[in-house]
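Below sits a lone chain in structure tokens, taken as the form predicted alone.
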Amino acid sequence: MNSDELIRMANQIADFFKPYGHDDAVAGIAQHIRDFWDPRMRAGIADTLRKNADGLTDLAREGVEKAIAS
């Protein structure tokens, strides 16, 4: 899966969780990525985050950072 697709998916997850409030949204995004993304997808988004994740919304970026930190 390419970076653009992973960014699109992470942003969609963030859009879903946005109404939950910031802290709950970040936790929900991270949990969703840990629960439903396979290891290759998690590695891909981590690599994208390190290289160039300009397309990620701020909320998505925070959720991804939390997901890959744990």
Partner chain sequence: MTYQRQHDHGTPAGDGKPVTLFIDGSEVTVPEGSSVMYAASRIDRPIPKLCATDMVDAWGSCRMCLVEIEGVRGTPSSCTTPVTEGMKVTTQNTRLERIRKGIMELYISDHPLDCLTCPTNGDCELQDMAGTVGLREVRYGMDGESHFAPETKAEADVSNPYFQYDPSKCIVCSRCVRACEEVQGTFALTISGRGFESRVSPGTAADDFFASDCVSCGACVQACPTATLVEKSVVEKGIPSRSVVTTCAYCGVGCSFRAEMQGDEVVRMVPWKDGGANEGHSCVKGRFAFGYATHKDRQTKPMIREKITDPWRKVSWDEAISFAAERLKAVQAKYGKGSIGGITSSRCTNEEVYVVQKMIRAAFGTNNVDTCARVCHSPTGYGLKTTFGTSAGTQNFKSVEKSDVILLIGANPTDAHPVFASRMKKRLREGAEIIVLDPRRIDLVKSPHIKAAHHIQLRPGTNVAVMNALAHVIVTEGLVDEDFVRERCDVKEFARWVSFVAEERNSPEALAEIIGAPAEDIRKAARLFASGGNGAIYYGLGVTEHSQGSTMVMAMANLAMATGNIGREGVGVNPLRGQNNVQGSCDMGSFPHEFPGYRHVGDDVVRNLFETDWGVPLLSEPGLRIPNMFSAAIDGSFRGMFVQGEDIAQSDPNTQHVEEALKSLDCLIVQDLFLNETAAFAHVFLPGTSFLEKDGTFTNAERRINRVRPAMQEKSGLSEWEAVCRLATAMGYPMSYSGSHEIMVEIARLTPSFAGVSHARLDAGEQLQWPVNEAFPNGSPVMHVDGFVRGKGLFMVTEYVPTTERSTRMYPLILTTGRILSQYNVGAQTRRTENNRWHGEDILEIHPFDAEERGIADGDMVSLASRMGATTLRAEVSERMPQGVVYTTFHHPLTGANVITTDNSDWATNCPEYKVTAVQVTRSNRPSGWQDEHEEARRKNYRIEIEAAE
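Owing to the predicted nature of the structure, the values given are computational and were not obtained by experimental measurement. Numbering follows the first chain given and starts at 1.
There is also a form predicted together with the partner chain; it is not shown, and the following applies to it.
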(message) Would you classify Asp24 as touching the partner chain in the predicted complex, given a 4.5 Å non-hydrogen atom cut-off?
(response) yes
(message) Whether Gln12 contacts the partner chain in the predicted complex should be assessed with a 4.5 Å heavy atom distance threshold; does it?
(response) yes
(message) Residue-level contact is defined here as any heavy atom of the residue lying within 4.5 Å of the partner chain in the predicted complex; does Arg8 satisfy this criterion?
(response) yes
(message) Check Met1 for me: does it contact the partner chain in the predicted complex (non-hydrogen atoms, 4.5 angstroms)?
(response) yes
(request) Any residue of 21 to 55 with a heavy atom within 4.5 Å of the partner chain in the predicted complex counts; write them all down in order. (result) Asp24, His32, Arg34, Asp35, Phe36, Trp37, Asp38, Pro39, Arg40, Met41, Arg42
